[in-house]
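The chain below stands alone and is given in structure tokens; this is the form predicted on its own.
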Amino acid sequence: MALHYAAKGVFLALSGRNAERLHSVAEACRSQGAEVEERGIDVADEAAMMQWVEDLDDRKALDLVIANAGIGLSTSKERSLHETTKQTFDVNVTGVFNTIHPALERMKERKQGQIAIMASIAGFRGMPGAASYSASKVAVKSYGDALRGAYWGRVKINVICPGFVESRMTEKNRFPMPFLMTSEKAAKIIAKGLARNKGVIAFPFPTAFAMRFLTLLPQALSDAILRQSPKK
């Protein structure tokens, strides 16, 4: 997304926990003419996120905030379901709150701005093979849906629900990933949806349709189908 938006006259504020990767992306964006501020920060750190976002907004009123940080963990002998769920929610849910809340309050006051929340196709229905991950995405999708109505006419709220996209997260998967797409293609779809202020940007269509269809089936039938889904 950063590389997609990077251009002359564009200001980007990029955050991440890995300073080396963050700097690499920032430099690539600068090479495309963008002005970039990079900050090594953990989205789970509420105080640090609030201070950074408010400071940014004081200097350059933010017009689009994308809450994109996310992790996908699996249970193991070393990590229990409790630990997996807690760590996942710290980033995928609390991290979203810490990212959007400081900006949302300011955008509401000036009646201008846009908030984009990264959910997932898995946010349409709890997945037995990825209970913690899908539950976190269900939570932020529902939150974004609700905020869109609550802030209508003042702040644009959008929820992004991708299927499988090439990333460090999906490269760890050891199962077939239907309709896997490049991050560049995904970024174009997302940016187009945000420009149109689409409420839910779900893609690719076959995967999104299948997940929506599953929610309409009787519980016993959808359970039986999803029990065959791979474990994250």
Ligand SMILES: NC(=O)c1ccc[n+]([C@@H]2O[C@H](COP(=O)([O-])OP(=O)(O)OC[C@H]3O[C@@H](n4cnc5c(N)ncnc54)[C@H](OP(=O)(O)O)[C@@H]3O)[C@@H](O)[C@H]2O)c1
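Because the structure is predicted, anything quoted here is derived from the model rather than measured. So that there is no doubt, residue numbering starts at 1 and follows the sequence shown.
Unshown form predicted in complex with this ligand; subsequent notes refer to it.
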Practice problem: Could you tell me which stretch in 193 to 201, 166 to 174, 51 to 59, 26 to 34 has residues with non-hydrogen atoms within 4.5 Å of this ligand in the predicted bound form? | Solution: 166 to 174
Practice problem: Would you please decide whether residue 18 lies within 4.5 angstroms of this ligand in the predicted bound form, comparing each non-hydrogen atom pair? | Solution: yes
Quiz item: Taking heavy atoms only, is residue 43 within 4.5 angstroms of this ligand in the predicted bound form?
Solution: yes
Self-check item: Distance check, residue 68 to this ligand in the predicted bound form, heavy atom within 4.5 Å
Solution: yes
Quiz item: Should residue 132 be classed as touching this ligand in the predicted bound form when contacts are defined as heavy atoms within 4.5 Å?
Solution: no
Practice problem: Just give me the single entry in 139, 104, 73, 91 that has a non-hydrogen atom within 4.5 angstroms of this ligand in the predicted bound form. | Solution: 91
Quiz prompt | Residue among 118, 127, 100, 155 with a heavy atom within 4.5 Å of this ligand in the predicted bound form | solution = 118
